[in-house]
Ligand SMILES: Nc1ncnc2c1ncn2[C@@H]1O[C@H](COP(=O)(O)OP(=O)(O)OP(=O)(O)O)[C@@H](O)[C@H]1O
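Below sits a lone chain in C-alpha cells, taken as the form predicted alone.
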C-alpha cells in the first residue's frame, strides 16, 4: 500500500482528479470585527508572497479600504525594497520605546501604509510582561484607523510566523504550481493543524501559466488538505506569471501602480474584490483588534 506521502505526491502532480470543484467559502470572522487581520505566508521563499501582500493592499485601497502592511518577515524583510523606500524607524524602535506606533508607520507615495519589521519581530519573543503590555497598547491604537491589517510573514514555519498565523483572523497561503512550493505549503497546514484546527485559510496560486493550471493546482492541493488533514482550504484565486511583475520589481514600484492594466494587476484586483465582497460591517471596530492582541500576547508569553 502506498504511504500518505506518495499519495500526496500523486495529488500534487495531478494524477488524481479533484472530486468536485468547490466555491470559495465566506470568511469566518467575528461579527463585531471591523479591521480584518490577515497573515500572508508561504511554505518557501521565492513564490512572490511579499509582492502579493503589497499589491493586494493597494488593490484593497482602490476599493476605498484603509490598509496597513506589517513587514513581519524577519530574515528577508523586503516591503521597503519593493517600494524603494527605506524608513528611518521600524518595529525595533517601537519595542525599545524610542518611537510610537504613529511614528513608525510609513506613508508611501503609492498610497500604501507600511511598517518595516527588521529584527524587531524576533525581539517580540524576548519581551518582559511589562514590555508586552506596552506593545499591546501600541498595537491597539491601530484599531480605529484601518479596515485591513496585513502581516507579511516569513516563508516557512519559524516561531514568529507561527504565532502570527495562530493569532490572525485569516491566513492567506501563497503557493505556485511548482511541486516544492506545494509540498512546503502543505507542511505548514499540517504543522498548524496539529496546534489549532480553527485557523482559517485562503489559497492563492501565483505565477500560473494559464487558468487551467491554476485551477488544477488549487483543486489538487485542496483535495490533499481535505483527504489527509480534513481541512477545507477555500481558493481566493490565482495570478498569472506576468513579465510586467519583474519589470515593476526592477523599478521598485508596485506592479498595480506601474502597469495597472497588465494581467497580474487585473487578477490582483479580482482577488481584492473577492476578499472584500460581503465583508461584515460591524459596529465595534476595536474588539476585533483587542482579541488579536490578546491572543498574540498569550502566544508570546508561552
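Numbering follows the first chain given and starts at 1. None of the values given here were measured: they were computed from a predicted structure.
There is also a form predicted in complex with the ligand; it is not shown, and the following applies to it.
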Contact test in the predicted complex: residue 240 vs the ligand, heavy atoms, 4.5 Å = yes
key: Close approach of residue 73 to the ligand in the predicted complex, 4.5 Å, heavy atom   = yes
message = Does any part of residue 245 reach within 4.5 Å of the ligand in the predicted complex? Heavy atoms only, please.
response = yes
query = Any chance residue 46 has a heavy atom within 4.5 Å of the ligand in the predicted complex?
reply = yes
query = Which residue, 222, 207, 106, 163, has a heavy atom that falls within 4.5 Å of the ligand in the predicted complex?
reply = 207
message = Can you work out which of 83, 182, 155, 116 has a heavy atom no more than 4.5 Å from the ligand in the predicted complex?
response = 155
message = On the criterion of a non-hydrogen atom at 4.5 angstroms or closer, are 138, 143 and 290 all touching the ligand in the predicted complex?
response = no
task = Tell me, please, which stretch of 229-237, 62-70, 269-277, 245-253 lies within 4.5 angstroms of the ligand in the predicted complex when heavy atoms are compared?
result = 245-253
task = Output the sequence-ordered list of residues from 158-183 with at least one heavy atom within 4.5 Å of the ligand in the predicted complex.
result = none
